[in-house]
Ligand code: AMP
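Given as C-alpha cells, the chain that follows is alone and in the form predicted alone.
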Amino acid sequence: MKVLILGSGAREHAIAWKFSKSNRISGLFIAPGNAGTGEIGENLWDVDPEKSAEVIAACREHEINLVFVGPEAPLSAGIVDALQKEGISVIGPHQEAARLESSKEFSKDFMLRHGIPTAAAVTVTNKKELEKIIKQRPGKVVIKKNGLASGKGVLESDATDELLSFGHGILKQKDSLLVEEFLSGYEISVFTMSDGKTYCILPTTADFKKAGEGDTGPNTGGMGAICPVPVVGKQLLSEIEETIIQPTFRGLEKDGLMYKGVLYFGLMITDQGPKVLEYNVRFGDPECQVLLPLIESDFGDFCDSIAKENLENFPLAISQKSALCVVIASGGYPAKYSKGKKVKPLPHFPEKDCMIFHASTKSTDDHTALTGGGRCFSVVGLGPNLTNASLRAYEAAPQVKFDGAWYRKDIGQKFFMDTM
C-alpha cells in the first residue's frame, strides 16, 4: 500500500512514523512534510495540500492507494471531495462535514439540534452587538472566532476591555464570533475513528493549550499533552459515549454528514456532566503525538479497514502504557517569533522510551535542521505510568537545542496525584 500524508507538522510526522511501522507500506509520501518526515518517507515539497490539482497529480504520479489528511485547512477547502471525485481513497471528512470544525456557529447549531450538551452561546456579527452583550454579562465569558484559527481563536476573560479588544480583532477579519458561557471543570479530548458506518473510541487525552505554567497566559496551538487521562474511568467514559458520542454519530447520519476519518470531541467535565466545547475533524496536535504510540495494531491495517468500511471487525489493540508530550517552542511564541534557527543534532532514544517529532522544520544541504514555525518539536516520553513518562520526556526536552528554545515544565502535573 502506498500512502500520501498531507501536512507538515508534528502531527503529520507522528502519522508518518506510525505508517512507517506497518507491514502494509510499500511507499510513504508526505506533502509537503518536514525534516523529520524526510527521514522515514519521501517529502513532496512542491505539493500544496490545499490545492487539489497538485495533490491529485501527486497521487497519479506515485500511484497512491490511500491519502491521509492531517491538518484542518485542506479539509475545509474540500480536498476530500476532490479526491473522492477522482476515485482516490482518502481518510478525512468531506467539505460540508468539515464545517463541524471550520464554523463554530455550524457546530453549535448541530449540537443544539441533536440535544448534545454544550455551553450556551450567541453569534455576534458586529461591534455594537458585541459591546452590548459583553457589558450586560457579569463574570467570565468565552469569545470564539467562528472560523479556523489554529487553536488560538479563543479567549476566556472577565475583563471587558480585553474581551472587546479580542472580539473587535476577529470582526475586523470579516469573521463572526460566538460569545459563550464559561464552563468550569477540567478539559479532556476524546478521539474516535469512523468508517462511515460505525466508530471506535481511542484512549482519552488532555491538551495543555496555555503558554504559561499553571495553565496561564495566552492560548497556543498546544504546549503538551498526556494519554490516557487517569481521572477518566469506565463510568465517565460510558457517560460520554451515551450522552455525547452516540448522539453525535446519530446526528451525522441523519444530516448526511458521515465520513471516513477522525472525529475529535473537545470536552469540559463539569459538575453537571460532560459538555462539548468543540469538534475537530482530524487528530489534534499535540494529542496525536501521545495517542499514536499507544496503538499497538498495524496502522496500515487499521486505516485499510476504515477505507473498506470494515472497522467493526478490526481487532484494535491499545497499549497499557502512558505517554506525555512536551512541545519545544521558538522564543516569543505564541506572539512574534523568529524562524530559520539552526537546530543542534537531536539525541536518539529507544522508541519504547522516548520519541522526538519535528514540526515545520526544513533540512539544509548538510542535513542541518532549521526551525520553521512557533512550535518546533514534540518530545514524547513513554512509560508504565504518567509519572514515568514525564521523567523520560523531561530528560529529553533540554537536549533539543536551538536559539530561543523553550517549553512548559509542568505538563501533566495536575493529573499526577491520580497516577500514584
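Owing to the predicted nature of the structure, the values given are computational and were not obtained by experimental measurement. Sequential numbering from 1, following the sequence displayed.
Same protein, other form: the form predicted in complex with the ligand, not shown, and the subject of what follows.
Student: Each of Lys104, Ala119 and Glu187 near the ligand in the predicted complex, meaning some heavy atom within 4.5 Å?
Tutor: Yes, the whole candidate spot contacts the ligand.
Student: Which of these stretches, 194 to 202, 274 to 282, 311 to 319, 248 to 256, has heavy atoms within 4.5 Å of the ligand in the predicted complex?
Tutor: Result for this chain: 274 to 282.
Student: Though the ligand is not shown, can you say which of Ala82, Ile295, Leu171, Met268 has a heavy atom within 4.5 Å of it in the predicted complex?
Tutor: So the residue touching the ligand in the predicted complex, by this definition, is Met268.
Student: To verify the annotation, which of these, Asn219, Ser305, Ser176, Thr243, has a non-hydrogen atom within 4.5 Å of the ligand in the predicted complex?
Tutor: Spelling it out, the residue with a heavy atom inside the cut-off is Asn219.
Student: Can you check whether Lys209 is within 4.5 Å of the ligand in the predicted complex, heavy atom basis?
Tutor: Yes, Lys209 sits close enough to the ligand in the predicted complex that at least one of its heavy atoms falls within 4.5 Å.
Student: Asp301 near the ligand in the predicted complex, any heavy atom under 4.5 Å?
Tutor: Asp301: no, not in contact with the ligand in the predicted complex.
Student: In the predicted complex, does Glu131 come within 4.5 Å of the ligand, counting heavy atoms only?
Tutor: Output for Glu131 is no: heavy atoms all beyond 4.5 Å of the ligand.
Student: Do Lys144 and the ligand share at least one heavy atom pair within 4.5 Å in the predicted complex?
Tutor: Yes, Lys144 sits close enough to the ligand in the predicted complex that at least one of its heavy atoms falls within 4.5 Å.
Student: Along 174 to 201, which positions have a non-hydrogen atom within 4.5 Å of the ligand in the predicted complex?
Tutor: Going through 174 to 201 in order - heavy atoms within 4.5 Å of the ligand in the predicted complex - the hits are Glu180, Glu181, Phe182, Leu183, Glu187.
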